[in-house]
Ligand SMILES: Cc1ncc(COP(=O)(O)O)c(C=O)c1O
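Okay, here we've got a single chain as structure tokens, the form predicted alone, with questions on binding and movement later.
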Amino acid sequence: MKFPENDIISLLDERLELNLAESTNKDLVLAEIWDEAFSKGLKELKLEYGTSQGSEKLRELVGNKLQVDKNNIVITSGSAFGIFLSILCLCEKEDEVITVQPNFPPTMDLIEGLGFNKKLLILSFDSGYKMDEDQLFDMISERTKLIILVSPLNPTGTVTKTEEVKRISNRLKVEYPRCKLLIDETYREATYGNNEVIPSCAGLQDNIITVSSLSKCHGTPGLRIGWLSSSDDKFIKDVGVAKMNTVISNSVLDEYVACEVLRKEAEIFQSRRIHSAQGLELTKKWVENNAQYVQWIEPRAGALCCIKLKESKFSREELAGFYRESRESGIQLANGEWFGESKWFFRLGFGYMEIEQLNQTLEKLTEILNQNS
């Protein structure tokens, strides 16, 4: 087993001051959720083992969010671990997993890293990153055990409609009953302002798995808390066994803090959705002002979007200069090669930095565009 290398690891290990590469809402600080009851519970918390399925209180809170039974929930170390466990439990040697590209690198790299066959459904900027359902089904075979879709998609913020998910699920039941459909909903609640939250696919069908986490929408990636949902009792049991044999359980400290985050998420979301709406509006104006250099597809949700540098304006040498000067200016960019695109694309996170800093960073980026085109 070997995981492919990807420079996205630099987001963890090398953080520049002006971070346009980050994909989360702004970081939560403990002071935002700290009160006397939280402090008292924290002092009394036993640092014992957690359970294989996860804290009952936390699963109940997640179940209420998703409107599913808490017994259909497994708490995971982020949504990425939910995907890991799903692949591990569903696939055997020579089996296939299908997912989309562009995509969050670990979602694609886990398949190969675990030793299974990866098939990629290529989505294109020119078609608005919309999925062709018939093209998807042309790729499926009797060896396909799992299809992974991401909605909203990282790095584009585009959405697969619930009706389409239901249609794919129904077709799979008839044509490929041994294949499950996993929907990564990590950015589902990262909407803007008063926009309606995208409905969850949890509990829609017994062949649908959903994963999500507290990392992106709540701004708490350091907690490493996510969840997996399925109405297939055997699968949930298998996931619990696999989790016990890999990480044993989640940190009870992380689970305790996660419960408090979920109890206060309405307040957390309110401030972050206003912040993201402001960031999105600023980014939209920046794209309009630099239309001679860049294109984009406006995101439906998520504190991120995908920017395309016009090839007619940037040769390979000019492109290299753009990335080099951005780095020298302290601007961290997530280039498209991380996600299966070319370097003419980059992910722009508009929800992470404070608005004034985001504005200053975009102004610097405009100067760099002018210098390198």
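Residues carry their position along the shown sequence, with the first being 1. Remember, it's a predicted structure, so these values are computed and weren't measured experimentally.
Absent from the display: the form predicted together with this ligand. The rest refers to it.
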message: Can you tell me if residue 203 lies within 4.5 angstroms of this ligand in the predicted bound form, counting non-hydrogen atoms only?
response: no
Mark residue 240 yes when one of its heavy atoms lies within 4.5 Å of a heavy atom of this ligand in the predicted bound form, and no otherwise.
no
**Asked** Is there a non-hydrogen atom of residue 213 within 4.5 angstroms of a non-hydrogen atom of this ligand in the predicted bound form?
**Response** yes
- [ ] Classify residue 186 as contacting or not contacting this ligand in the predicted bound form by the rule of any non-hydrogen atom within 4.5 angstroms, answering yes or no.
- [x] yes
Which of 125-133, 272-280, 71-79, 166-174 lies within 4.5 Å of this ligand in the predicted bound form, heavy atoms considered? The stretch 71-79
Only hit among 230, 154, 86, 250 for heavy atom within 4.5 Å of this ligand in the predicted bound form is 154
Answer key: of 119, 300, 145, 224, within 4.5 Å of this ligand in the predicted bound form (heavy atoms) is 224
Looking in the predicted bound form, the residues of 96-120 with a heavy atom no more than 4.5 Å from this ligand, listed in order, are 104
